[in-house]
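Encoded as structure tokens, the following chain is the form predicted on its own, with no partner shown.
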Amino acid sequence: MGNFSSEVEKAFDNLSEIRRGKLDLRWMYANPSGWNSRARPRDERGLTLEDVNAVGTYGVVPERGGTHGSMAPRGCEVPPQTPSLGCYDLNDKSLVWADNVAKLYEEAVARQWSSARDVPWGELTPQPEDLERAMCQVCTNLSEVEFIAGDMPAKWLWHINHDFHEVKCFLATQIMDEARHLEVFRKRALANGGGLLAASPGSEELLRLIIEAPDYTVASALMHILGEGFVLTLFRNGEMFALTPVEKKIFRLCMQDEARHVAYGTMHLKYFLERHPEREGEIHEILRQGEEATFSLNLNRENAEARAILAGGGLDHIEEGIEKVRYLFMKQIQEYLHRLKVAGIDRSSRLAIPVELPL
């Protein structure tokens, strides 16, 4: 048949035996305790992860992931000869879990949107040059920073034990969300007679802190609660910066995605700290560094000036815009501190940056 390896020849032998009727069929009787399962949808959402997890032991998420180190799905029988892949080393549930993660995954799947079809690009209208340039600068910055929230989960995803597949599934949707955010802001910068403007050197400090974080929980606290939390507040106040129905729709669509990411990060930190209170000091320190980097990023000339021009309605009204940006920053701080309290950590007296911008 050819000069094939022993593994290929073994596969041919198996096929030959099956054709001759020499069947093994031991697989048919594997995992007897997991047989006779019947997962049913409980409501109009259809058959969800939670519905499947309600069946027998399939929803039991172990405190420690399986030691076999393979991609075998939780709840199946794992033969002893199954090889370890050597990469799934996030085996402690507390290092990745959040009690809301299955619900957030279902929401993410149900609320996917298309930047090509769901944004009313035809409603873009010509803008005064100062406003169009300011919008293009904001979109340049958002294109720059948004995909860190895709890169970070991608860095850690392949380390997470497959027994925590709900987390892996959710993080996969986050990567897709962030790809869509990058493309939608890039499209807006290029869609109305403008273009991309200046990258922000200050952005890189915060992005480096996130991507170089020493472990997943530290990275999650920096990104999901601090970084994405600040962006979520910005999107919630998107009417302040929107010039046309296009920007309004973009901010609303991105807001629903960011809200999921922030909700996961908040509840993950809560789950983690309840089980590892001794690491609160470490979280405080990394958040201090993140706060300083975020403050610097928000007050970079290219970011602060562009936002103030948009918020005020033009260069001639930039002072009014600065007042609105001050209000936005105060809201960002308030919502950030609130999320941390929900997660079980109080930084109100340890905040490394002012709670409001000076006059």
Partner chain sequence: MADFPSVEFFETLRERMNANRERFRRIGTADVVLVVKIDFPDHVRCFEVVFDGYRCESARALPSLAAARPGAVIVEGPYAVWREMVENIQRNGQADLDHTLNTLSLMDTPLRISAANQLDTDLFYRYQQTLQEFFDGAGAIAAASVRGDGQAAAS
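As the structure is a computational prediction, the values presented were derived from the model and not from experiment. Numbering follows the first chain given and starts at 1.
From this point on, the text means the form predicted in complex with the partner chain, which you will not see here.
Partner contact for residue 266 in the predicted bound form: the partner chain, 4.5 angstroms, heavy atom: Residue-level check for residue 266: yes, a contact with the partner chain.
Close approach of residue 90 to the partner chain in the predicted bound form, 4.5 Å, heavy atom: Output for residue 90 is no: heavy atoms all beyond 4.5 Å of the partner chain.
Heavy atom of residue 203 within 4.5 Å of the partner chain in the predicted bound form: Close contact is absent here: in the predicted bound form, residue 203 is far from the partner chain, nothing within 4.5 Å, heavy atoms only.
Touches the partner chain in the predicted bound form: residue 135 (any heavy atom, 4.5 Å): Residue-level check for residue 135: no, no contact with the partner chain.
Contact assignment for the partner chain in the predicted bound form, among 118, 280, 77, 215, heavy atom within 4.5 Å: When the partner chain is considered in the predicted bound form, the option within 4.5 Å is 118.
Listed residue that, although the partner chain is not shown, lies within 4.5 Å of it in the predicted bound form (heavy atoms), from 190, 240, 124, 199: Only one listed residue qualifies here, and that residue is 240.
Per-stretch contact check against the partner chain in the predicted bound form, the hit in 257 to 265, 147 to 155, 281 to 289, 81 to 89 (non-hydrogen atom, 4.5 angstroms): It is the stretch 257 to 265.
In the predicted bound form: members of 199 to 221 within 4.5 Å of the partner chain, any heavy atom: If the 4.5 Å heavy-atom criterion is applied to the partner chain in the predicted bound form, 199 to 221 yields nothing.
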